[in-house]
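Take a look at this one chain, the form predicted on its own, written out in structure tokens.
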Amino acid sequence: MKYLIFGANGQLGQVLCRQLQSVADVCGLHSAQFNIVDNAKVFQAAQTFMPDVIINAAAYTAVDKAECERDLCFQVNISGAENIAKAAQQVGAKIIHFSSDYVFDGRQREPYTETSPTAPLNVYGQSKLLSEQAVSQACSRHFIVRTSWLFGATGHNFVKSILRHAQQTSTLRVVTDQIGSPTWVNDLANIVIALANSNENAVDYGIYHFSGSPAMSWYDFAQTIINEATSLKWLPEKPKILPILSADYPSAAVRPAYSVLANHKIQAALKHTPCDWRKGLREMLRENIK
């Protein structure tokens, strides 16, 4: 099996490359060196390598900056994704593309399914929703995976941000009125590989949700991170965490108050249950300690 991975330097891309390199032929392209908005370059990469599976792990993910960088966000997340999907269609490859819980408005109070109405509240969410449409129209053999609150040992994420601030200050302020599902990047990578290797007669193409369990607020997530880091002696002292409301933490982008994703469809298709993300958190912290 041959994999062409765009965004190989991101937190998901790095894990995918590491897990696949011993069992498959992998070509990883770094976002800093390869602009997916350049249609000709994308097609050339696909035609040169002729992959069985193309994974688009490249994306514009700066949610707040996207509010003032709409054009750049749309170019990368929509035009770039469309270029990759068209290239996949041309070379006969499957494409696996990633979307976000931010395609929803957060007004629901039960986990969102793949058929729940979408209504993004911010530019980033709009770009991911439009990217879904672009990919599904450009490539017939597509898997679109919506995920949420991704974290791992590499790249930028909430866990690393909390740990960094905890080393710099004795008090943290974290919002308690936004509920979602943290997702360990290694768990998501396992699902991606399972989708890539799935039988077309058994697993339908389309949109799937995959996120970790259990769901909780950013505040509870931060509490869990600090407790685990303290127990592993990752932090010399345990900082105080103050719960605040979103209104008390002004940000450029409005975020959904509730964006928990239902995993039933992917569990039924692949017989894979998301792991307890707290296990992933412990492994991540141990990996960083070494």
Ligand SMILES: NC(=O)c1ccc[n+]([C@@H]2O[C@H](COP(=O)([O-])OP(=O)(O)OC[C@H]3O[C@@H](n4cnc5c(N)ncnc54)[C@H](OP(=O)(O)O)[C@@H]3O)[C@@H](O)[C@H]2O)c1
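Owing to the predicted nature of the structure, the values given are computational and were not obtained by experimental measurement. Heads up: residue numbers just count along the shown sequence, starting at 1.
The following text describes the form predicted together with the named molecule, which does not appear among the structures shown.
Although the partner is absent from the chain shown here, none of 74, 89 and 136 has a heavy atom within 4.5 Å of the named molecule in the predicted complex.
Residues within 4.5 angstroms of the named molecule in the predicted complex, judged by any non-hydrogen atom, belong to 56-64 and to none of the other stretches in 56-64, 43-51, 247-255, 224-232. Checking 191, 166, 150, 159 against the named molecule in the predicted complex, a heavy atom within 4.5 Å turns up for just one residue: 150. Contact annotation for residue 184: none of its heavy atoms lies within 4.5 Å of the named molecule in the predicted complex. Under a 4.5 angstroms non-hydrogen atom cutoff, the named molecule in the predicted complex has residue 36 among its neighbouring residues.
With a 4.5 Å cutoff on heavy atoms, residue 266 does not count as touching the named molecule in the predicted complex; it lies far away. The closest heavy atom approach of residue 281 to the named molecule in the predicted complex falls outside 4.5 Å. Contacts between 85-106 and the named molecule, taken as any heavy atom within 4.5 Å in the predicted complex, involve 98, 99, 100, 101.
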